[in-house]
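Given as structure tokens, the chain that follows is alone and in the form predicted on its own.
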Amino acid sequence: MSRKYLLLILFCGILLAVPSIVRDTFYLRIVTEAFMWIGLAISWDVLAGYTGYLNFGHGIFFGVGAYTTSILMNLCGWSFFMTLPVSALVAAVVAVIAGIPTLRLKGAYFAIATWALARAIQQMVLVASFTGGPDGMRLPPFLHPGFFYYTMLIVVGGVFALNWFLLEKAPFGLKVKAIREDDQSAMSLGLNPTKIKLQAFLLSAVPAGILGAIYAYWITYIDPASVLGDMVTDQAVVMAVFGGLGTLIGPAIGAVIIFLFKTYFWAYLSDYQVLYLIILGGVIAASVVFLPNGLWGTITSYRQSDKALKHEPVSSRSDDKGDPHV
């Protein structure tokens, strides 16, 4: 067995043992939420990094999943696990309805359209009576931190594995990358850009809906601002861009770093919460300017260039004056 697989097994073993190691409920909740943001950043990157479409309405699916679970548990008396596939299905239906018209747009037009759609859905939830309106909805409490940790871990691990297979190993990954580079050229190769973009939209939306459902049951209270507000999408965008678009490791690293910074900031600098949004905007601007490939992309590029330099023949490194050994 190679060293890579041994490290993977060891890493998985540590993740499974975290609830036994971390006995403090507060820190276990932090780790659980970190997994949630990893899942949201990765799912957003499916459409943005791999397909090339910036979705500023990603929080729609998170909020739809949260409200679907809340409504089914409160009004219909369903169990939590029965609501999960329905939340995924509703997120998929919303993605299809939203994706068919908006995916025909490109660049800033698509970004603005998805942002406007998110605002429209938030306003609909605010005025609807069965969603609780601005007062939100409460869910029956289930005080078992370990349950939510493992539920979040399984879902995010499954999303990571599925995306790794589809985007890095299966032909689907090559198709979405071809559309990202030039959809007209992809069409000339016999691909159907509209169909593939819609599939990528679904692959991005469904995990967000499931994570929203878990979040609602875990927090036990949701309102339009908490699950449909701009902050959900904004943080997922910053995490993915900072970590590195078009990768799976990058958004995961970015999610952990940004979330830990947010937790520390809100815990110790709560009197200056308005600065958090300013810093968040500064991070995204600095990432675009100084880390155009993101943190993971920059590290990977540096390692590749260093490896290439080590394997470069000595004669090719000599200067124009001739052989330095003469």
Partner chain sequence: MELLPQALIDGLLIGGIYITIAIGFSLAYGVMHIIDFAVGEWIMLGAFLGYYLNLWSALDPFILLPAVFLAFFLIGYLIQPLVYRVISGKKGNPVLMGLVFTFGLGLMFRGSALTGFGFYSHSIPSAISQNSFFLEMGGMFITIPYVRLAGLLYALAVTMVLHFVLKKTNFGRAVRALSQHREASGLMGINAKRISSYVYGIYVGISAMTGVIIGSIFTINAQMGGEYSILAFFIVVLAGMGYLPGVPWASFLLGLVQSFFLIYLNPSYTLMAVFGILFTILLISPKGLFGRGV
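Because the structure is predicted, anything quoted here is derived from the model rather than measured. Positions refer to the first chain, counted from 1.
Heads up, the form predicted together with the partner chain isn't pictured, but that's what we're talking about next.
*Asks:* Of His144, Arg138, Lys106, Lys195, which one comes within 4.5 Å of the partner chain in the predicted bound form, counting heavy atoms only?
*Replies:* Among His144, Arg138, Lys106, Lys195, a heavy atom within 4.5 Å of the partner chain in the predicted bound form occurs only for Lys106.
*Asks:* Of the options Val227, Val90, Val237, Val176, which one has a non-hydrogen atom that comes within 4.5 Å of the partner chain in the predicted bound form?
*Replies:* Contact check passes for Val237.
*Asks:* Counting only heavy atoms and a 4.5 Å cut-off, does the partner chain in the predicted bound form sit next to every one of Gly39, Pro85 and Ile257?
*Replies:* Checking in the predicted bound form: none of Gly39, Pro85 and Ile257 is within 4.5 Å of the partner chain.
*Asks:* Work out which of the listed stretches, 259-267, 48-56, 62-70, 24-32, brings a heavy atom within 4.5 angstroms of the partner chain in the predicted bound form.
*Replies:* Flagged stretch: 48-56.
*Asks:* Are any of the heavy atoms in Pro171 no more than 4.5 Å from a heavy atom of the partner chain in the predicted bound form?
*Replies:* No, Pro171 stays farther than 4.5 Å from the partner chain in the predicted bound form.
*Asks:* Look up in the predicted bound form whether Gly77 has a non-hydrogen atom within 4.5 angstroms of the partner chain, and give yes or no.
*Replies:* Judged by the heavy-atom cut-off of 4.5 Å, Gly77 is well away from the partner chain in the predicted bound form.
*Asks:* Applying a 4.5 Å heavy atom distance criterion, does Val156 contact the partner chain in the predicted bound form?
*Replies:* Judged by the heavy-atom cut-off of 4.5 Å, Val156 is well away from the partner chain in the predicted bound form.
*Asks:* Should Ile299 be classed as touching the partner chain in the predicted bound form when contacts are defined as heavy atoms within 4.5 Å?
*Replies:* No, Ile299 stays farther than 4.5 Å from the partner chain in the predicted bound form.
*Asks:* Pull the contact list for 110-134: residues with a heavy atom within 4.5 Å of the partner chain in the predicted bound form, in sequence order.
*Replies:* Residues within 4.5 Å: Ala111, Ile112, Ala113, Trp115, Ala116, Leu117, Arg119, Ala120, Gln123, Met124, Val127.
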